[in-house]
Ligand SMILES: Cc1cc2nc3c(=O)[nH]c(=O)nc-3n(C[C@H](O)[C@H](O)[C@H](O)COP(=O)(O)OP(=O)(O)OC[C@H]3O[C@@H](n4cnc5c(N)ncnc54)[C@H](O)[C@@H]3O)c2cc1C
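In the block that follows, a single chain appears as structure tokens, in the form predicted alone.
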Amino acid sequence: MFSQAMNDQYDIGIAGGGLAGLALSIQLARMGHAVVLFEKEEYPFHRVCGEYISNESRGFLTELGLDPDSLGVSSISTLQLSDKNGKLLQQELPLGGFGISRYKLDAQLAKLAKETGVSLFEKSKVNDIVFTGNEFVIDTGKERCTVKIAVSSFGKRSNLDIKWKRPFASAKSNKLNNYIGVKYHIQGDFPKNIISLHLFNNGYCGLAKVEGDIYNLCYLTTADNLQQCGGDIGKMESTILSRNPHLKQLFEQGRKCDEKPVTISQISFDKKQQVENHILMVGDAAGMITPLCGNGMSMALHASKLAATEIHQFLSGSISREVTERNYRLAWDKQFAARLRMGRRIQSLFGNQRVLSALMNIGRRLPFIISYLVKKTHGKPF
């Protein structure tokens, strides 16, 4: 049962309480709108995520009411990259960033959302959102409510993607989909200011310090790699990932905070639409940048600001629903379309070791090339 009463009508309904959904709810509630947000889990909880945020988002988080430094975040200034044989490249990050666990950050944002007046329902999975011509009906299986604007921020993949027959959800297996993600929190004597990215056959693994003495170890690989190991994650780590000597060291020296990792399957980097059935998509539901680019969290936060601007104008009567949807698509494309294209191109290089090794060799001699690639997948402070 819900821990609070649900109204029949809200201005905005949001499905999914990740970074984009929570940030959007806070902004719109502060603008004076009635906001309801549904999250299928209960805070705090872990998510598969690299847990690195570019400094382009630091000011925005402060505006929301969260001071990153007060949360004990790490300070990250350097990128380290190794090929599958362990050969290293290291370079300073143009903007730098910080690490913080989603376990802590999402819970802090949820607390702030409630304090701001958002009606936040945890352990409530949205089964469907239906547009009736002038409003939306949101069905959680427990209760229903109607909203003037509906937003989906349910992450990488959802039951609603299947129900709505979104093209990426039924696409045939290709080099941009059918990935799995695995995440651990570990402890150990590792560099504090470095975000590292270590390649292995058909995948890559990142390490970054988050709050306290905890490090996030998160990797992406193909479903084929796991199938070759009989579905055994531990075997895959010892026989495939550990061929990279840096990863072998991480798995041998890192002390896992939990016995089992957090996992997710059927990850897709195929193109997605930003509006479906008049529902605005934000965060990973609108489009995913490859994790190796390290900018998914900032993009989710920035997208929430874009959506909040257009939704507020619609609810204030300044623009129509049609214009709201068009403006959001255009703003989203302007900010993120080029980054995603670059991310897909970089992702494709990881399947060609000869080309990748050549790029890394060039990067060692000409560091500005790596800086250029980083800048092309990141934005400016917003």
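Computed from a predicted structure; not experimentally measured. Numbering starts at 1 and follows the sequence shown.
Not on display, but discussed next: the form predicted together with the named molecule.
In the predicted bound form, the named molecule sits beyond 4.5 Å of every heavy atom of residue 114. In the predicted bound form, the named molecule sits within 4.5 Å of a heavy atom of residue 160.
Residue contact with the named molecule in the predicted bound form: residue 237 places no heavy atom within 4.5 Å of it. Under a 4.5 angstroms non-hydrogen atom cutoff, the named molecule in the predicted bound form has residue 125 among its neighbouring residues. None of 36, 48, 28, 64 but one reaches within 4.5 angstroms of the named molecule in the predicted bound form through a heavy atom, and that residue is 48.
With the partner removed from view, the residue among 110, 210, 306, 218 that has a non-hydrogen atom within 4.5 Å of the named molecule in the predicted bound form turns out to be 218.
Looking at 74-82, 184-192, 283-291, 241-249, the stretch with residues near the named molecule in the predicted bound form, meaning non-hydrogen atoms within 4.5 angstroms, turns out to be 283-291.
In the predicted bound form, every residue of the candidate spot (18, 102 and 154) has a heavy atom lying within 4.5 Å of the named molecule.
Contacts between stretch 328-342 and the named molecule, counted in the predicted bound form as any heavy atom lying within 4.5 Å, involve no residue at all.
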